[in-house]
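Shown next are two forms of a single protein chain, provided one at a time as structure tokens under the names structure 1 and structure 2.
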Structure 1
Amino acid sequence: MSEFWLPFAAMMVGAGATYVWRALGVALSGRVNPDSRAFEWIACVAYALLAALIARMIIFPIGPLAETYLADRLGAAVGALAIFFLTRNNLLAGVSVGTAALVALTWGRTIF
């Protein structure tokens, strides 16, 4: 196989492996009871993983977020949560306010 076809072959193998699992999920989805205890447990684990990821991003950030102050990250997170709940679980409003608050708090520290 020439070097030209190698990336294409790798991409096809990766796509094939992905689509096998998707097809299996579609085939089994009709047999899954979404109200079962196992499904509730999976949902709880998914929420716990998401909460842990968000906490890690706030407390132990990497990349450009690591250059911001912890107080700024916490303030932006609290503001985002407050707006999220005040707007009856409007995710767009919460994320927008949290982002704007983090930018404003960080930008305010660099100017003054």
Structure 2
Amino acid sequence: MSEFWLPFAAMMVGAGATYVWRALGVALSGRVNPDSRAFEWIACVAYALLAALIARMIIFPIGPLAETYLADRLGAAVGALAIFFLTRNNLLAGVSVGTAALVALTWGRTIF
């Protein structure tokens, strides 16, 4: 039973930790300058946290990705970045190529 309800509790907490920023933004709009130094620091912390998460998900994945090879995941990520910059920041092309590359590399290992 708690296997089902416990995630909802975590997600309620997550939803609260998300909405509080939106509501605070509405309340503070027009009173604080959004270009201030404090907000630059907030952006830096958020960016660093997400970069840490992305690197962790690629290098030490949990779940089904844990069964793929690190070299394949890194190769697919580098390929996605290359296509993304070659197509002048085309998100759709980069994401498609990156995910397709991992699928192809993993599948290819079963053949050769």
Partner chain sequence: MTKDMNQRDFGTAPAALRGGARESFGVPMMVLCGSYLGFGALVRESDLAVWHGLFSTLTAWALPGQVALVELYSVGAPLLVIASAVALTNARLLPMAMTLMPTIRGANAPRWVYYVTAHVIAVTGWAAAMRVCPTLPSEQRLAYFAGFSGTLWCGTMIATAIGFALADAVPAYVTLGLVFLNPIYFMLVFASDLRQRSRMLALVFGAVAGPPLYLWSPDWSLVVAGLTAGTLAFVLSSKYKARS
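Because the structure is a prediction, the values reported are computed rather than measured. We call the rigid core the largest set of C-alpha positions that still match within 1.5 Å between the two forms. Sequence positions of structure 1, starting at 1, serve as the residue numbers.
Enquirer: Which of these two, 1 or 2, is the form predicted alone?
Expert: If we ask which form is the one predicted alone, the answer is structure 1.
Enquirer: Treating the chain as two rigid parts, what angle does the smaller turn through between structures 1 and 2, in degrees?
Expert: From C-alpha superpositions, the smaller part turns by 30 degrees.
Enquirer: After superposing on the rigid core, how much does the Cα of Phe8 shift between structures 1 and 2, in Å?
Expert: Residue shift at the C-alpha: 11.9 Å.
Enquirer: Rigid core superposed, Thr18 Cα shift between structures 1 and 2 in Å?
Expert: Superposing on the rigid core gives a C-alpha shift of 7.6 Å for Thr18.
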